[in-house]
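One chain follows as structure tokens, the form predicted alone.
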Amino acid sequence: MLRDTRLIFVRDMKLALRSPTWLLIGIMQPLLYLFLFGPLMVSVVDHTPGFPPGGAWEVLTPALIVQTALFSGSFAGVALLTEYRVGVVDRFRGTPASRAALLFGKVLAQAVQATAQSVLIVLVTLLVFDLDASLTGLLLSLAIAAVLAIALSSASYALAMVLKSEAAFPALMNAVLLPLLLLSGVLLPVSEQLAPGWLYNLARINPLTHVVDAERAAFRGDMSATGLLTGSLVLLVMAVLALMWGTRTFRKENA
């Protein structure tokens, strides 16, 4: 299975490197938020209660890393549906390759791509804006983004294999991701000081809220933060469940 996973991983990475434009397009939205929304937060964070500790860039940058991993992983199933339509998936079915490896190789490729995009966002913020982050915090935040990409891409691939519709899949993902993204506090933290009670309680049910809290805590190097432990545990549970669902679906659909 390890050999098959490596082969699928190398194949998907080669396909991604042949079209690096798509990797750059994937970070255009986060970069626009940095340049057009970030300066507004500079004058807001220090004077508004309810924001996490740290400056504006230490609050916004890790949230944009989560957003990048979120969209990169969640829409991974679109490429799988294209391969399904042109017959690539059927060709894989005719090989002795491990069905779980077909998923693991693709998921690892998505994690590497999301991490590379996150590194570019961090570099731009370091070079252009007044970002203050420790090396340990940066590495841990990138690890969280990679695990998030693994969890979401696993679920995305599984859902794509269930739907098998290039029209229905993006529409469903957009309908699900928008409320999850808004409730996660990526742009504005959904804290008790800023949000009404019902909205705050709704946000705490959202697992992405805890992942964003963990990412911000890791980014500023606060290893003792409760949010870091809670978010990490939530993320690990998400990853395990998504991988189990993805593996089961791939074995069933590619039997």
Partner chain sequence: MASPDEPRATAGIPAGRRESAARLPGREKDFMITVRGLARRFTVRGQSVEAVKGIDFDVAPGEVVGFLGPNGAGKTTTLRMLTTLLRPTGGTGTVAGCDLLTDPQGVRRRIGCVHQGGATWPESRVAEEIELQARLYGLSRSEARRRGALLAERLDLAGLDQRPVKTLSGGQRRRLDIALGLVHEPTLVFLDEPTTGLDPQSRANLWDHVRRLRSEQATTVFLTTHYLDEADALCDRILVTDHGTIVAEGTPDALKARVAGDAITIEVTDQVAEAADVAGRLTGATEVSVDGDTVRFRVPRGDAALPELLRTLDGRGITMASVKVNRPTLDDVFLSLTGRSLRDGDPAPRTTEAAHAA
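Numbering follows the first chain given and starts at 1. Just so you know, these numbers come straight off a predicted model, no measurement behind them.
Although it is not shown, the form predicted in complex with its partner chain is what the next lines describe.
- No residue of the trio Ser191, Leu194 and Arg204 has any heavy atom within 4.5 Å of its partner chain in the model of the complex.
- Though its partner chain is absent from this view, in the model of the complex it lies within 4.5 Å of a heavy atom of just one residue from Ala97, Val147, Ala133, Leu177, which is Ala97.
- Residue contact check for Phe92: one or more of its heavy atoms lie within 4.5 Å of its partner chain in the model of the complex.
- Residue contact check for Arg6: one or more of its heavy atoms lie within 4.5 Å of its partner chain in the model of the complex.
- Using a 4.5 Å cutoff between non-hydrogen atoms, Ala167 does not count as a contact of its partner chain in the model of the complex.
- Contact annotation: Met13 falls outside 4.5 Å of its partner chain in the model of the complex, judged by heavy atom distances.
- Only one listed stretch (125 to 133, 138 to 146, 153 to 161, 84 to 92) carries heavy atoms within 4.5 Å of its partner chain in the model of the complex, and that stretch is 84 to 92.
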